[in-house]
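Quick heads-up: it's one chain on its own, the form predicted on its own, in structure tokens.
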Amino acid sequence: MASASASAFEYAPAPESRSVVDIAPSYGLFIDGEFTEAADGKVFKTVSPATEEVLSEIAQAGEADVDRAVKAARKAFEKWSALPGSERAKYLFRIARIIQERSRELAVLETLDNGKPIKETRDADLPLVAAHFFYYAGWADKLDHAGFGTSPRPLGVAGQVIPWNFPLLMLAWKIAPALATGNTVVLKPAETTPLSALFFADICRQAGLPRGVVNILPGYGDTGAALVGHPDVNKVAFTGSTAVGKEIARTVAGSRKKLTLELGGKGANIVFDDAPIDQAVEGIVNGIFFNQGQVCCAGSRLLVQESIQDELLESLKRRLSTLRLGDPLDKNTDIGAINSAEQLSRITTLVEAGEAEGAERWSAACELPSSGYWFAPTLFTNVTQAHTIARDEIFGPVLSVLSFRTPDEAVAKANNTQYGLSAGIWSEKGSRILAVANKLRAGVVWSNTFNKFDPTSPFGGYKESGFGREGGRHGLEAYLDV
């Protein structure tokens, strides 16, 4: 990792000011348009993963609170679903504009609570969050033309559970289409990153959104389970681990609830011998080290054609040595903190398994801060398809490198996984890209790029990566009675 001495040009610290965000010492649950304490008075603390400082104390929702929130959402549903689409669109446009106006504040907040670098929250997360609300605002009065029949109906109350890796972006993916189609929402943010969702609750009030249309319930897994299992929830949307996704599918089975699951992944990034090496290296780095690799669609398996393997790895290691790890609020930081102590120990355990099974580990030389949760960017060579690190989702800044000789072998190796969320292909030949992409069992295939998102494009997986699509016209279907 680039320390100041290793570089001819030293980077001066360039911290983003924390003064733009005012975090209260405590936050309640957001139910029926008001912040309120949990029925049993339980609270939990949310910490900054970069420093381990406590940011705020958050009310922890229990079963009684879930019931209260679902009742509020059910009551609000009558009027909200009866509004003309053009009226609902006005609220969504208003929310999108306020997110843009408050984007700097929200970016700093997200970085503090999640640990990801400010340049990611500022340049990727927040613009996409606003874009999602703008996009679905545009759909609200055009649902008759979405291809789901004339006057498709909303489902009712949506129970939504989101992860900690993109807290505000996952909220936007869930809430924007739900509101555009006339549903009301009870959302549970992840326990390690509840703050941006609670700030979003304030944005809903600022936008004049009718009471009860959006309810936010911070809490742990039991809160999510109570929400998913609530008899008056019509729709369940979950993004998170495959294990929890399977549990939710079992809970919902036999009920009339509509379900979408966006789960884990073990994306293959395939580099052919005619690929532009430098461009591919940037794509590989973006694919696995963006957000510290804590991305379900991360390109965590690099499949490189044998003839260019040495050249590519040399170039990749050189590039990894220039990444800057440190204070996420510094505008020069490339690699931020791991989200929690629990996640760090999971990454460490899987990396140790990789070494124990005989794969060769290389980590960029860098100084890790003394407090907080950190992991140096790491890659493994001599990896086989039998290795744990080539099969299990690590959800951290760890890349497994495998090689191949022919396109058929690349496809076979890429598809040899229980997941099917994303893949990348690097080649100069458009015909090869299309031929290979058609054979890959992945919901999203990027060509000569990686981790490109757009609200107009559907996202989702096959196999154990889940089912259903979020984003685009396809994303409406999950929230309509079709």
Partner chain sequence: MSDRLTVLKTYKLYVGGKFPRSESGRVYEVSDSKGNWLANAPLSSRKDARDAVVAARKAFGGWSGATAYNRGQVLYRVAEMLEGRKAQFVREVADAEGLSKSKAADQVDATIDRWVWYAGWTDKIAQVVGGGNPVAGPFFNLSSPEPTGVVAVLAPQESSFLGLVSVLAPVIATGNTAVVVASENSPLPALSLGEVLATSDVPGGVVNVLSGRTAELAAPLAAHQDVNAIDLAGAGADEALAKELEIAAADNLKRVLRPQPVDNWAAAPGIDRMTAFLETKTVWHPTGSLGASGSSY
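These numbers were taken from a predicted model, which means no experiment stands behind them. Residue numbers count along the first chain shown, from 1.
From this point on, the text means the form predicted together with the partner chain, which you will not see here.
Peer 1: Could you check which residue among Gln305, Gln294, Thr378, Thr242 gets a heavy atom within 4.5 Å of the partner chain in the model of the complex?
Peer 2: Residue within 4.5 Å of the partner: Thr242.
Peer 1: Select from the listed residues Ala365, Ala356, Ala82, Ala253 the one whose heavy atoms reach within 4.5 Å of the partner chain in the model of the complex.
Peer 2: Exactly one residue meets the criterion: Ala253.
Peer 1: Please determine whether Ala249 contacts the partner chain in the model of the complex, using a 4.5 Å cut-off between heavy atoms.
Peer 2: Yes, Ala249 is a contact residue.
Peer 1: Is there a heavy atom of Lys452 no more than 4.5 Å from a heavy atom of the partner chain in the model of the complex?
Peer 2: Close contact exists here: in the model of the complex, Lys452 approaches the partner chain to within 4.5 Å, heavy atoms only.
Peer 1: Any of the heavy atoms of Thr456 lying within 4.5 Å of the partner chain in the model of the complex?
Peer 2: Thr456: yes, in contact with the partner chain in the model of the complex.
Peer 1: How about Tyr11 - does it come within 4.5 Å of the partner chain in the model of the complex, if we only consider non-hydrogen atoms?
Peer 2: Tyr11: no contact with the partner chain in the model of the complex.
Peer 1: From the candidate stretches 330-338, 112-120, 259-267, 217-225, select the single one in contact with the partner chain in the model of the complex, where contact means a heavy atom within 4.5 Å.
Peer 2: So the stretch in question is 259-267.
Peer 1: Using a 4.5 Å cut-off on heavy atoms, which residues of 441-456 contact the partner chain in the model of the complex?
Peer 2: The stretch 441-456, when checked against the partner chain in the model of the complex, contributes Arg441, Ala442, Gly443, Val444, Val445, Trp446, Ser447, Asn448, Thr449, Lys452, Phe453, Asp454, Thr456 at the 4.5 Å heavy-atom cut-off.
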